[in-house]
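Read the single chain below, which is given as C-alpha cells and is the form predicted alone.
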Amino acid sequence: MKESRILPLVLVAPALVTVLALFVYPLGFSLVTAFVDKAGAVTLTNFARAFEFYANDILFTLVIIALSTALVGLLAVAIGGYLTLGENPAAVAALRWLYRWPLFIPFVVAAQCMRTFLAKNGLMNNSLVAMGLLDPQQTAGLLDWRGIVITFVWKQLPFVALLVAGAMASLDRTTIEAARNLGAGRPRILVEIVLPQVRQTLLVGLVLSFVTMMSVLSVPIMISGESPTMITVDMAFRINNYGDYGTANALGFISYALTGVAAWFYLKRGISGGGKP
C-alpha cells in the first residue's frame, strides 16, 4: 500500500523540483529583493528609483501591450469568424493553413524576421517599390513602437485565433442557420450570436497573450532602440550595466502587478458570469 502511494510522488518529484527551483524560488526572491536594499534593510527606494527613471517606460509598456492585445482580439475574432462562417472553401482552407505559421516561431526569431521585413530598405518596402506601389524616396522604416506592435500581434494572433476558432467550431450551428434563414448577414451573426458564446475563451487567450507579451525582452530590444522602451529592456539594462537587482526587481514587481490586474479582470468576469459564456 505504501509503495502505491510513494510511486506517484517519485514520478512527480523531478518536475516539482524543477518548477520550485527555476520558477517559484526566483519569483519569490525577486519579490523580496524588490523591497530590500543592498544592506538588507527593508525600503521602498527601489520603487522610487524605478518610477523616477522609468515612469514613461512603464506607461509605454502598458499602452503597447494593451494595444497589441486589443488588435490580437479583433483579428482573432475575424479569423475565427471567417473560418466558421466563410462560404468560400478554398479561402477558408488557405486561411486555416496560413494563420498558424507564427505559432511555432520563437519571439527572438520573430523579432529578427521583422527587423529585416520592416526596415527602411527591408523586404516590405523593396516589394512595394518593385510592384510600383511606392517610390524609393518614400520608403520609411517601421522599426519603432509600430514594429513592436506588429511583431507582437503577428506572433500572438495564431494562439488566440486557434482557441477562438476551436470554440466557434464547437458551437451548435442551429442558431447560426436560423439567423441566416432570417436574413442576417455574417458580420451580424458573428457579433450578436457567435461572439457572445465564445467570449470566455477569447478572454482566456487575451489574458495569456497579455502576460506573455509583458515578459518578452527580445522584441523591444531588437526592433526599437528608441526611448521610451519597455520594462523588460530597463530590467536588463539595470542588471547588465549597474548590477542593480533591486531596481530591476522593482520593475519586475510592477510588471507582476500589471499582469495581476489583467488576471483579476478575467477572474472577476468569470465569477460574475458563473463561468457561463
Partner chain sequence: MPGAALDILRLEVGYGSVKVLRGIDLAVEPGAFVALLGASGCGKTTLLRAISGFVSISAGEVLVNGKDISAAPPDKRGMAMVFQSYALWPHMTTAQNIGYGLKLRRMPREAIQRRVEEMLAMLKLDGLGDRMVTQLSGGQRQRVALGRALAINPDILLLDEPLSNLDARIREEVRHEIKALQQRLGITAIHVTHDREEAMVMADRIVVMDAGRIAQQGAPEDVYNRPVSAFVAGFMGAGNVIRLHARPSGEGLAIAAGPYNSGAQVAAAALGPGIDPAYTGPVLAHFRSEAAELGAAIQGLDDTLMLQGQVAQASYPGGHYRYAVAVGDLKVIVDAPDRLAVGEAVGVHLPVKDLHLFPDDGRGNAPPPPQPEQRRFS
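Positions refer to the first chain, counted from 1. Computed from a prediction, not measured in an experiment: that's the story for all the values here.
Keep in mind that the form predicted in complex with its partner chain is not shown, yet the notes after this line are about it.
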Where, among 75-83, 195-203, 100-108, 141-149, do residues come within 4.5 Å of its partner chain in the predicted complex by heavy atom distance? 195-203
Site check Glu52, Leu59 and Val63: each within 4.5 Å of its partner chain in the predicted complex by heavy atom: no
Can you work out which of Ala119, Leu134, Ala179, Leu163 has a heavy atom no more than 4.5 Å from its partner chain in the predicted complex? Ala179
Give a yes or no for Arg188: in the predicted complex, does one of its heavy atoms lie within 4.5 Å of a heavy atom belonging to its partner chain? yes
Quick one: does Ala169 come within 4.5 Å of its partner chain in the predicted complex, counting heavy atoms only? no
4.5 angstroms heavy atom contact with its partner chain in the predicted complex for Asn88: no
Is it the case that Ser127, even though its partner is missing from this view, gets within 4.5 Å of its partner chain in the predicted complex, heavy atoms only? no
Checked 140-158 against its partner chain in the predicted complex; residues with a heavy atom within 4.5 Å, sequence order, are none
